[in-house]
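Heads up, the chain below is alone and in the form predicted on its own; it's given as structure tokens.
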């Protein structure tokens, strides 16, 4: 697991107050919404804000790819990496 994926897992747990799970409980390819981790739209907003604050870039909530970037930890890590390189 990459350091960035671990950081994102910890950010998800911290930002959303998921006290009963640890980073090892979140598979990098597990869906964050619906059947996977079970996050909802409010969680998506909170997570988006936490990512913006932690990594220092703006997320366009209306962009067509935003939902795809938030599909799982692996896709979020690729997105954050690309934003940091830009």
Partner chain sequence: MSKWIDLQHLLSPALERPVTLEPALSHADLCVQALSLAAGLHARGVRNLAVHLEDSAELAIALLGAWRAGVRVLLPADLQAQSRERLAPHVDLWISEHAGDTTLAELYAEPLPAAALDLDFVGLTLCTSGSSGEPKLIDKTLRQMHAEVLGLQALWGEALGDAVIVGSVAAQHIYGLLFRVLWPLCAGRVFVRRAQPFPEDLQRWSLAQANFAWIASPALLKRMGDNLDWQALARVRRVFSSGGPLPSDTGAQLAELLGQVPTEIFGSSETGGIAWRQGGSLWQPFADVQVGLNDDGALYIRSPYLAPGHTEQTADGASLHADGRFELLGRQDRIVKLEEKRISLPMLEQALADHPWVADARFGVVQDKRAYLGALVALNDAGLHALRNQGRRAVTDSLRQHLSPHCIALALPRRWRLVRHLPLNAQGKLPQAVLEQALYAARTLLPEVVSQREENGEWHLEVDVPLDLAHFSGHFPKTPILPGVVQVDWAQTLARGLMHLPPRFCGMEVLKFQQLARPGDRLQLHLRFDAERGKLYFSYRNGEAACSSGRILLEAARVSA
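Please read all numbers here as calculations on a predicted model, not as lab measurements. Numbering follows the first chain given and starts at 1. Superpose the two forms; the largest set of C-alphas matching within 1.5 Å is the rigid core.
One more form of this protein should be noted, the form predicted in complex with the partner chain, which is absent from this view; the next part is about it.
Contact between residue 78 and the partner chain in the model of the complex is not found at the 4.5 Å heavy atom cutoff. Using a 4.5 Å cutoff between non-hydrogen atoms, residue 27 does not count as a contact of the partner chain in the model of the complex. The closest non-hydrogen atom of residue 21 lies within 4.5 Å of the partner chain in the model of the complex. Taking the partner from elsewhere, residue 16 is found to have a heavy atom lying within 4.5 Å of the partner chain in the model of the complex. With contact defined as any non-hydrogen atom lying within 4.5 angstroms of the partner chain in the model of the complex, the contacting residues in 54 to 86 are 58, 59, 61, 62, 63, 64, 66, 67, given in sequence order. Taking the rigid core as fixed, one finds a CA shift for residue 35 smaller than 2 Å between this form and the one not shown.
Once the rigid core is used as the reference frame, the Cα position of residue 24 differs between this form and the one not shown by less than 2 Å.
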